[in-house]
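Taken one at a time, structure 1 and structure 2 that follow are two forms of one protein chain, written as structure tokens.
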Structure 1
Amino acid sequence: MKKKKSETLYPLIVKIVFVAALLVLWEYVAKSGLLGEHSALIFPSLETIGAAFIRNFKVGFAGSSLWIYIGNSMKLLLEGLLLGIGLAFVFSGLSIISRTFSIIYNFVVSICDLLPGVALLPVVIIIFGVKPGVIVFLVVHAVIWPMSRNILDGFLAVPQIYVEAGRNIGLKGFRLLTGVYLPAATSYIVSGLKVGWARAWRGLISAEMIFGIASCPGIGLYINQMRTNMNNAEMYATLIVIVIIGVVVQYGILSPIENNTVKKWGMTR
């Protein structure tokens, strides 16, 4: 008897079967020696990767567990995100209050949004030297422009009637900004957060891979060290860690924010 596919169960089953098939294929390639004598190195078996996963945390590299590297990356990421998001709100908010500022800031955002952070890296290093602050700078750069773009677009899209309803009950200036513009633009702000986070996360790992900072070694540096030491299984295991962190942020932070705001208010675009 064929039962009706559940709306939520079916996609889940599809995903699980897909991943399982990939893993089987991977294991087959790893075990079969299809790729010649280096097969085991290029395609380490799942057990090897699993063991490496544990070793990453237990042994790690240069005397520090992968936890330390993750912690360092997260610290810089968090600093950069908070600073970037905070600045995006401040500058976008000022754009609502001052027209001149708005013209300038929109212009700046359009230009800076086009600059890949990694391309700025050499310049930043020349000016500031190799310091953890450089990573923070890159994270700020990754998050502030898409975040600002979304906030500014969100403000523009606020229906006039909310603004008038707000002014009618006595809101103006800063109060109008926090009481009407920000909540009304929430769906834009949430997409800004998503884009900003994704860019920041990538930017962080790339920057750490290009130049590891000895005083504050992060995940990118760790992967790079695994590569230079030909610890391929550890490399793969670390990639899995990176994916896990991404998933945790998506489902542990971003989705709840969305569920508790725009979804709850029926404001999804």
Structure 2
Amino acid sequence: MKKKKSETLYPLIVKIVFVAALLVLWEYVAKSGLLGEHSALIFPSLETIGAAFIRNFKVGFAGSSLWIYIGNSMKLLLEGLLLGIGLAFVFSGLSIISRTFSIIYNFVVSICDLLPGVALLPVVIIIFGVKPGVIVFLVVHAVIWPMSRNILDGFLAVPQIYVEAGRNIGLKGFRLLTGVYLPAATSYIVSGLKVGWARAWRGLISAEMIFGIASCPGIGLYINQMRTNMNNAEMYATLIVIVIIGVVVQYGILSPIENNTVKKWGMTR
């Protein structure tokens, strides 16, 4: 019991000490003026950033609180994530049922996974125009290929004896997929969720920073607005918000999913 508690506590202490050291270093650079007269602008003090953090939510920009920007970003992100994850499962599942589809889809994944969403942005804007759906499309693009790659790799890693056992009890097609392949590839699927979420989050912020949509302003646009107006403290505070959202999703959603599936079942440590 004590060993288990220490194994959980030690990583937490290391993380806290590391973050504290970074904050001390930041404050030292901010207060020492190492970068000359622009030091306070480039490295605002922690107190200034803290005040800006509160101001972002109370005042925001042009009468709109940061809450509005966060809400818009999370709405588009959720739509893209659900659609991308759903399509990844459907197409990856079809690749098990149909050998011809498997050859084609593996080829498509290999190509599309190498294309950054930002590189597709000009083409998508030309075709569809500047609208929230473009952001959703880029999120789907960021999710579906790494997610599919992980699922397909998981299917390939399923021991053949499991597949033969499933066939011996009469499973085939869709039933073989849900009864053997998906449960056996759970660790790969969870890993794919982590990678897909991270790519989608980065892709969303990047797209919003490049061509923020006035009708649906997101966090990326807010950061750009702060940079344009030289509100560096507010900009850094918004970056902290992005990190907080990422940490909440990682440890509040993805980690519990992992702990209650693959770790609980002994499929990974």
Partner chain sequence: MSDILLELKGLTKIFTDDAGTAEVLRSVDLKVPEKEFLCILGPSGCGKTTLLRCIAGFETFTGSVLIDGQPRTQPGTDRIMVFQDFNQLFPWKTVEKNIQYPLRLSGIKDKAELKRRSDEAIAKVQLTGWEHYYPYQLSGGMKQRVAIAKALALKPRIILMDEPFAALDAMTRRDLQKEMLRILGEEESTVIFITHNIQEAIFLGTRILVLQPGGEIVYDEPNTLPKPVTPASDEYGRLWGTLNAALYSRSQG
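One-based numbering along structure 1's sequence throughout. Nothing here was measured: the structure is a model prediction, and the numbers come from that model. Here, rigid core means the biggest group of C-alpha atoms that superpose within 1.5 Å across both forms.
- Comparing the two isolated copies of the chain, the first one is the form predicted together with its partner chain.
- In a rigid-core overlay of the protein, Leu171 has its C-alpha displaced by at least 2 Å between the two structures.
- Relative to the superposed core, Lys15 moves its CA by 2.8 Å between the two structures.
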